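Given next are two forms of a protein chain, the same chain in both, each as structure tokens and marked structure 1 or structure 2.
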Structure 1
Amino acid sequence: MNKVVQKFGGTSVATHESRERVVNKIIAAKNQDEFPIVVVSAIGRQGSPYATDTLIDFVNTSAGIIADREYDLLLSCGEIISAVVIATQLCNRGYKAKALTGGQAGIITDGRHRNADLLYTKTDVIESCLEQNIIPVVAGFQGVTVEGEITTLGRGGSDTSASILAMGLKADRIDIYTDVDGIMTADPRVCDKARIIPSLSYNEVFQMADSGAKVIHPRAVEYAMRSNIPLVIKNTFSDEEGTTIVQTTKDAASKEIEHLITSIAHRNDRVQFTVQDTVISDKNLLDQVAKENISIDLINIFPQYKVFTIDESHKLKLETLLQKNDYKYTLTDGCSKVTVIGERMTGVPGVMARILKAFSKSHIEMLQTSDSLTTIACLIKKESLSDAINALHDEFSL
């Protein structure tokens, strides 16, 4: 019998009606002679009573800043509630089901609270559920250390839980259920022309996720790729086939026109810094920034200065560092990074020229660019985000 890990995100478990749909999807898998291993996110998004952000806001406002260990303990509650609710609903529909914490499901991590890394998986509890025809419903986003401390896996961590369990159980497939019909050529919230892509390679999806496309977490793609388990992104609220992610999209190419660019991802809240710093300076600007754990992106180095971007949340920390060390700098905030992704663009000349042409036709100013074999990233002002993505969507006939 095929083992299928089914992961349901925050919107999928948000309301009674949506949870009924979740339960129907789980039962449908059982009826097709598959064995579902269910992973759930916390109920709803910010504002809903048990959503992760609501729990953090509650403790921050009523008690103050939380220590990392307690933060993880608190956050793990949201997914546990969700797992209990779904398992109970399944039982009341006549199916045997059991809610499990991440730790009980065998996800053993290191002790890096808020962003723990997998050490190994212990699959005996889930295996024994499967033997007894019990559907395991696992709280996503969490694990446990060898010492029994509860940890969380970083934002978007329920996707990672699903891939970790699939890897440990040697599952046949991972179904990530969300609120869109699959992976689209761009985020439908900013691009009205976005359309579903039937099939993509792990590498392309990893680049998308790593460039900000929220639809799946990059670490989840990495684990699935490592164990070569097909990953399918589907909608809880429809019966569409979704997007299948596999090693190569050769099979998909026969169904589709070969696109040079397959998708466009974006990340908001970027701040661009231009810092005066000579190449021969012994102050080691980039080292100092790294020591402060500020991750930088889009780095361009010139003889007299360096240009790079950071996340808005690190702006104060970076400014303090620059001022303390007497650096002269300017900054532009309110930026977005738009990344075009496509495995077929490697070695094809003129892609950058087409991006520049598309931007200039729509009067969009390009603040900075950088490229890799399969991506080109462009920094623009956030006001132009939607125009920029639509312009690129047209230019590359997505």
Structure 2
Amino acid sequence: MNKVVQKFGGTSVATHESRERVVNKIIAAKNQDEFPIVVVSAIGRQGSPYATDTLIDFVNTSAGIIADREYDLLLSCGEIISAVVIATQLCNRGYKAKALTGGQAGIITDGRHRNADLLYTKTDVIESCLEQNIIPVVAGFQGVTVEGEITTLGRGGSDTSASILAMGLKADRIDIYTDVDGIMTADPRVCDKARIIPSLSYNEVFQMADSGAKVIHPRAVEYAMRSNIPLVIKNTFSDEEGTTIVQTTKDAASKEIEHLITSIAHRNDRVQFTVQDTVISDKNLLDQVAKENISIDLINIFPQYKVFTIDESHKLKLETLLQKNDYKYTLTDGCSKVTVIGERMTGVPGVMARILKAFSKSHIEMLQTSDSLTTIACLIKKESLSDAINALHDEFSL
């Protein structure tokens, strides 16, 4: 039988009705002669009684700032409650099930609270459950140190838990259940033509996440990729097939123009700086920027000046640095970065020309560009964002 890790997010376990749907998905896998290993997030989102943010707000309001160790202890509670609820519902439907904490499931981490890294997995408890025909229901987002201290895995932690367990168990597939039908070609809030992408490569998903798309967390993809385990993004509330993430979707024998691009991602709140490089200093400008923990996004370097973008939240900090060191600069704020992503465009000429043509038709000004083998990023004014994404969507027939 195939081992399938099924992860259910907060909206999937938020209400009694949605939890019934979760249980039905688990039972359906069981009835298809698969071994489901279930991972659950905390119930609901901020405002829900047992949501992670609700627990944090309660303690902050009642007692003050939470120390890191106690923070992880508190945050583990929401997922444990979900695990107990789902395991109990399964038992009451006639299926043997067992709720487990992340540590009991064998996720052993280092001691860095709030964002722990995996050391190794011990899967003997879950393997024992499977041998006894018991469905393990694991609290996501958490692990335990060798010394027994509870830790949490940082942003996207429940997705990461699912991939960690799949890697340790040598699972055949990871199903990530959310409240959307899959990963889309663009953000549907700015592109009404966006559609579900049937399949993506691990690399394309990494690039989408790095470029601002709200997809599965990169760490979860990394662990799945190590063992070459397919990830499938599905909707708890529908029977759509979703998006499958695999090693590569590239057909080396065919680079059809209409399939060069798989998706378009974007980031808002970009500020573009043009800095004259005429200051005599012992320190390089980019070194100074790095020491201020200011992350640079797009960058183009010329003999007499540098052009780069940063997040708007760091604008005042960078201006203070530049003024203190007598750099001459100009800035353009209110920008967005739009990135086209696709493995098939590697080595294919004319992609940038098509982007420029699409922008020209829609009267969109290009402020800056940067590219890699599988991405081309373009900086534009924020007010042109929707027009730009729709123009690219049409140009590449997404």
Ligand code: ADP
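Just so it is clear, the model here is predicted, and its values are computed rather than measured. Along the sequence of structure 1, residues get numbers from 1 upward. What we label the rigid core is the largest C-alpha set whose atoms superpose within 1.5 Å from one form to the other.
Of the two forms shown, structure 1 is the one predicted in complex with this ligand. With the core held fixed, the Cα of Thr369 is displaced between structure 1 and structure 2 by 2 Å or more. Remark: with the core as the superposition reference, the CA shift of Thr54 between structure 1 and structure 2 stays below 2 Å.
Once the rigid core is overlaid between structure 1 and structure 2, Thr11 does not reach a Cα shift of 2 Å, moving by less than that.
After superposing on the rigid core, the C-alpha of Leu331 is displaced by 8.6 Å between structure 1 and structure 2. Here Lys214 exhibits a Cα shift of 2.8 Å between structure 1 and structure 2, evaluated on the superposed rigid core.
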